[in-house]
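The chain that follows stands alone, in the form predicted on its own, written as structure tokens.
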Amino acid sequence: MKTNLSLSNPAEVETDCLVAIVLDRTEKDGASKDQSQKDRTQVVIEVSDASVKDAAADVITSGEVTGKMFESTVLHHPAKLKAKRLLLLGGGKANSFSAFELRRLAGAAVRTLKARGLRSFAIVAPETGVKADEAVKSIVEGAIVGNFDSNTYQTDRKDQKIDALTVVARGDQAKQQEAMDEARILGESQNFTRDLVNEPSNHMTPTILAERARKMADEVGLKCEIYGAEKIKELKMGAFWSVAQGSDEPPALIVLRYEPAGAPEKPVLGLVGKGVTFDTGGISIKPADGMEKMKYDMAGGATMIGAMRAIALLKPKAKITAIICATENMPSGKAQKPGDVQIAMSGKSIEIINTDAEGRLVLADGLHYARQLGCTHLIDAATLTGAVVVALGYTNAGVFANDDAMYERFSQALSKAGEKMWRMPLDDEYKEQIRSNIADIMNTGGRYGGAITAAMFLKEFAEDTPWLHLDIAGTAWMEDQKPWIAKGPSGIAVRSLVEFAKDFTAG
């Protein structure tokens, strides 16, 4: 999608459709203590241009437009406007309107208009609740994400996409353009991640994932190293190999390095991703119902690859290394079995209780290897547990942290990125659930607190290194079509990781 910035009056913009946000500014009448308060409804179009307000006046006055979130009203041949259409898009209550809502509205505008066969449109950046440059950034991010569809292999797939977006804004042109350029990189990197996750496992093996990572690295100037089974064995990554050994597809250890000139030697951020390109559960095989979705079990690894793409293009002054442990988890005569004991790269022994708890095994060696490579701070991302979905549903990802200061900085990045994650507990008492009678730890801690005990397992390998664990099992895949995003991979965490990386050396 081509993105353009315009500082023109909205009425003068020539476009197939001009999009304007409508907000509900309903207030309470000033009533005495003895009187009941009465609502006074006021729906306002977020455009200062009088011609645009005039074009929408009748339909707003009629009460047909309420400002309800995602409500859409299309006016054809609006008077005094050069636009062929005017789309009024509801943004909800004005007093709670923010960049989060604006990002979704931009995606909703894209999905509404491309379904009507339009190829381009313009959107007026609202002036309520969002700073000018933040508004431009949110619009472009949301629009690019909204333009993605997952029906890649349908033979009758319709060519529905928006080719060009114009953001009509006010303020400093250079600052607005900078925001637009950054947003385009973030949105495209999020979609790059979604494209990787969307591929079926026969088109996204560990080898192919590594090739896609290498190609991307060559394009943006990252260093890329890819290792196979022999190197994994040489490094004594017994936990990683225990998962890979059951598959005929060879595993891949992918290392991406961003080392800009002038960056300090320390700190070094390590991004570790689970790259299980298909998860059958192994010998502890999953039920057949819904197993096709397990192609998405490499979403954590894809997230780190997408984040590194954006980082390379945005060029923060910090050293960052990404490690993706890519493999399949398959049942076979070579596969590990419940009751086996594996020795991780760190030397810790692990009793395998359930071979479907494989993500934490590949991450265990990935985290330790990141520390060996000099990473001083760690973040891992993984579609790790169904338990986090039980706890948080499909709205928030789970965040676990062994360092409060690092979590607070990440929380600030979440706020800037507009992504929803919720911090979960990591108390020492949970470690009792993963103690083993025969080994150091077990790879599962039972039914209760499953997301937490999985995080406790990973904490054993992060040790005293400041570390965050993102369990994105419930948020990496959109279960249903939403007004702003297609059903399928979401690309969650890419924007937040990049925001964190931008300020990584600041404090």
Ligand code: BES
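We number the residues from 1 along the sequence you see. Please read these numbers as outputs of a predicted model, since none were measured by experiment.
Missing here is the form predicted together with this ligand; even so, the following discussion is about that form.
- Heavy atoms within 4.5 Å of this ligand in the predicted complex are found in exactly one of 242-250, 70-78, 145-153, 355-363, that being 355-363.
- Between this ligand and the residues G386, G374, G393, G117, the one pair within 4.5 Å by heavy atoms in the predicted complex involves G386.
- In terms of contact with this ligand in the predicted complex, the residue from A94, A401, M294, I343 that brings a heavy atom within 4.5 Å is M294.
- In the predicted complex, K317 stays away from this ligand, with no heavy atom inside 4.5 Å.
- The shortest heavy atom separation between K215 and this ligand in the predicted complex exceeds 4.5 Å.
- In the predicted complex, K274 approaches this ligand with a heavy atom inside 4.5 Å.
- Heavy atoms of E328 never reach within 4.5 Å of this ligand in the predicted complex, leaving it off the interface.
- Residues of 429-467 placing a heavy atom within 4.5 Å of this ligand in the predicted complex: T444 alone.
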